[in-house]
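As C-alpha cells, one chain now follows by itself in the form predicted on its own.
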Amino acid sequence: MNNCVTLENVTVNYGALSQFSLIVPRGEVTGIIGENGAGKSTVLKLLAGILPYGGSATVNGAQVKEMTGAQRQKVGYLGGERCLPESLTATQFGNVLSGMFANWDKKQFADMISRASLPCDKPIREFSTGMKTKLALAAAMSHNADLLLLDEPTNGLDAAARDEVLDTIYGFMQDEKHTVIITSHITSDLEKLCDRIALIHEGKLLVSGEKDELLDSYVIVRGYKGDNAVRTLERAYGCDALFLRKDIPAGSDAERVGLDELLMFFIKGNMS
C-alpha cells in the first residue's frame, strides 16, 4: 500500500468536516493548515478513533471505526489538549503506558526523556509547556507506531524548544515506513518539515499537493486587479492577486508565494 491514510467523503457532525477527502502517502510528512475551526484537529481525532464519522476513513487499509486494538496501537497521537496525569512523574507515566501498549519500548521512552532533559522524579504538574509537549511526544513515539498524528506540537514553545521537537519528528521519519500528519499555525515549521500540504477551510479541502510543487506553482502579483487570477485579496494599499505561474500577466513582477500568503489568499481572498 503506497498510501497510509485515505479519507473519502468524510463527515463529522460536530467537528466541522463535510464531504472531506484526503490521501496521505506513506513515508511522508503531511501538514494540514487552515484557520481556527477549519477542522484540522477533527481530522486527527477521527483518525485516532476518538470521533465518529460518516464516509470512509482508512489507516493502513483498515477502516478506522473497525480497527482492532493491535491496529490502533500502530497509531501515535499527540492531541492539542496535552492531557497528562499531572500527579505522576515521567517514569511513573512510562510504567503506566507499558501496561497499555503491547509493543511499548521502555528503552526508547527513557532515551527520549533523557535527550529532552526531562526530570524523572518531579510530578508532571511542575513541567513547563515545552516539557509537557516533549513528554507527550515521547509517549506517542514509544509504542512502535508507524503513523504519528500531531496536533499543534510546537504551539506555545520558544524557538529552541520548537527546533528540538522538529528534530525529534525528523528523526522519526528516518524510517521510511513512518508517516506523520501534523497541524500547525506556525507555517515556517511546516515549510521546514513537510513533504506535502493540505489547506482546509470550513471543513473542506481547498488545495493539497507536494509542498515544493504547490509553492512553485503559485505567485503573487502586487497591486493587480484583473482577469485570470486564482484569487484576489484587498489590502490597505490596494489589491494583490494570486496567479498560477503559467498564467502570470505579461510584463508583471511576480513573487513566489509562502504558506502564510497562500493560506490568506484561499481563505480571505475573492475568486477573480
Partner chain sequence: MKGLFVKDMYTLKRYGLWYLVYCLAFTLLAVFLENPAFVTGLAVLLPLSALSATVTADRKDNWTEYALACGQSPFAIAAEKLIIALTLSLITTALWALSYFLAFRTFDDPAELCITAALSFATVALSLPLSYKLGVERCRLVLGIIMLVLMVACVALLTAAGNGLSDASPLLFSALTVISVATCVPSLFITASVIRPDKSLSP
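Note that this is a predicted model, so its numbers are computed, not measured. Residue numbers count along the first chain shown, from 1.
A second form of this protein, the form predicted together with its partner chain, is not displayed here; the remarks below concern that form.
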- Report yes if any heavy atom of Ser114 sits within 4.5 Å of a heavy atom of its partner chain in the model of the complex; otherwise report no. no
- Message: Given that its partner chain is not shown alongside this chain, does Ser252 nevertheless sit within 4.5 Å of it in the model of the complex, heavy atom to heavy atom?
- Response: no
- Query: Does its partner chain get within 4.5 angstroms of any non-hydrogen atom of Ala139 in the model of the complex?
  - Reply: yes
- Considering only heavy atoms, tell me if Val12 and its partner chain come within 4.5 Å of each other in the model of the complex. yes
- Query: So in the model of the complex, are Leu166, Arg231 and Met264 all sitting within 4.5 Å of its partner chain, heavy atoms only?
  - Reply: no
- Segment assignment from 192-200, 74-82, 153-161, 172-180: heavy atom within 4.5 Å of its partner chain in the model of the complex: 74-82
- Just give me the single entry in Gly223, Gly54, Gly37, Gly209 that has a non-hydrogen atom within 4.5 angstroms of its partner chain in the model of the complex. Gly54
- Message: Which residue, Ala110, Leu88, Ala145, Met131, is the contact with its partner chain in the model of the complex, using a 4.5 Å heavy atom cutoff?
- Response: Leu88
- Note on the structure: Of the residues spanning 155-188, the ones with some heavy atom within 4.5 Å of its partner chain in the model of the complex are none
